[in-house]
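Given next, in structure tokens, is a single chain: the form predicted alone.
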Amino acid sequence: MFLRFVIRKTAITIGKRNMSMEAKFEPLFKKIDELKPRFIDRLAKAIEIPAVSSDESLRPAVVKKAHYIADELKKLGFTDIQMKELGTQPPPVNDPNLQLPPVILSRYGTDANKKTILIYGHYDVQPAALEDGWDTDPFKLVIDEQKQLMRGRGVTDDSGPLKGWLNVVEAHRELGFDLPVNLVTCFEGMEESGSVGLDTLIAEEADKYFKDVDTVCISDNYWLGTKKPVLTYGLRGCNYYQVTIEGPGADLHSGIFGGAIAEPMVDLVQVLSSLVDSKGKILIDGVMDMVAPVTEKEKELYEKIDFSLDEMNAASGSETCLYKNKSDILMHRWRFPSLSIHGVEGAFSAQGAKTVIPAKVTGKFSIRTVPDMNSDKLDKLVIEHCQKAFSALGSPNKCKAELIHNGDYWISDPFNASFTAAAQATKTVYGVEPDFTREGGSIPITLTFEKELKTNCMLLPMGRGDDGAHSINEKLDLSNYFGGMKTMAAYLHYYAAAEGK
């Protein structure tokens, strides 16, 4: 009730002072609809570039996409566009000279009398291939007219939202409307690979390029379900690990060597199975002891959120949820840590029946972290557990467990001016007050922005909970693409008129 009171009170105050501001929304929203072909074409061109940051062979494509975006910014009137180079990517990498993709910094407006919002987004994407099970080429934007959605890798994560901000600027320019705030962009190309190098850049630019930033807005998350918009004030962190087991000097024939040598794949399967059980329980001693206990006040927040088991099943495309009631589902998505096993490198994975014994295999897994987990302590527990599990096998093979990248969890204040403005914008566009949620996914850079810029972050999602951001057939509903842009536009105006930051 307190949150609704704050939103309502602020909305009334804004409304009294800025009736002319709200009068702009009708032509602004109409212009966004009118520019639909152009905005879809802009997104299509971005989707066509396979900017997969985790694939070293596709690094040139990531850089190509960075320059494409920079050119778009220039055409739209952004100034002081800088392609910040981050240097050589640290190991583990195959190419020791692999260069990190640039971070794109730019400005739109430098009026000292206006507030300044830093817009963060990322232009890299997850791996995707037609043979993974996609219905269409993942790097070609396809519009399903019947379902009124767009499909393609990056369409919702994060090329669609990133382009949405550019489109909002263009809509204002087409109408001759002054943007009510100054914008600063920070678009990176390594988010899907741990945002390598960005922490350092933000620290270096905190008192330089980012000096006058009042707040940070990120559109790189999703609605909880498929019907009601949300604003996000918390994220789990992510520590990503790999465990490598190495034995023979080369891949071997199982008909000749099977049963006579210790097989790395057999060892790896047993080590991985020691990490988590089929009910999602983390089996590493000491991990759950770090998790902050759930309070009664916190439980009440989950009970008020509009969500159901049916929506969870719809989002996953199955009926495999481990929990049946709303609070348990949401807490295990946001509030408790989880351990996921992602895949194995070095093992045979194609179709057919190849009888090979892999000489070296690497298992990849991650742990989503929550308050009050300490990252360094977690790394120690994980690595010691893997070594202990391997030692118990009595295998002559070699085992090495290591951290690949990590990012801390994040919690913000949902009652500040930025969240209140976003809530009012959401209600203006969708006609309902948004749910205030946390997210199970990770955007580690949120915490860095808050610490280094000494300001706050707000997550303003565009897509829905069933978009399949890291899965096959990633999609974005057309209504969310255009509704999201309208919400972004209204947010800029409401925040500009709000008191405080």
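What we label the rigid core is the largest C-alpha set whose atoms superpose within 1.5 Å from one form to the other. Computed from a predicted model, the values in this text were never measured in an experiment. Numbers for residues come from their place in the sequence shown, where the first is 1.
The next section is about a form of this same protein that is not shown, the form predicted in complex with a further copy of the same chain.
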is_contact(P293, a further copy of the same chain) in the predicted complex, heavy atom dist at most 4.5 Å: no
Partner proximity in the predicted complex: H172 to a further copy of the same chain, non-hydrogen atom cutoff 4.5 Å: no
a further copy of the same chain contact at M312 in the predicted complex, heavy atom, 4.5 Å: yes
Close approach of E319 to a further copy of the same chain in the predicted complex, 4.5 Å, heavy atom: yes
Stretch from 199-207, 177-185, 151-159, 339-347 whose residues place a heavy atom within 4.5 Å of a further copy of the same chain in the predicted complex: 339-347
Contact at G258, Y323 and K354 by a further copy of the same chain in the predicted complex, all three, heavy atom at most 4.5 Å: yes
In the predicted complex, the residue from L381, L73, A417, V276 that sits within 4.5 Å of a further copy of the same chain by heavy atoms: V276
Residue among P396, G133, G286, P91 with a heavy atom within 4.5 Å of a further copy of the same chain in the predicted complex: P396
Residues within 4.5 Å of a further copy of the same chain in the predicted complex, restricted to 237-256 and counted by heavy atom: C238, Y240, G247, P248, G249, A250, L252, H253, S254, G255, I256
Shift of G194 between this form and the one not shown at or above 2 Å (CA, core fit): no
Core-aligned CA displacement of R368 at least 2 Å between this form and the one not shown: yes
Core-aligned CA displacement of E170 at least 2 Å between this form and the one not shown: no
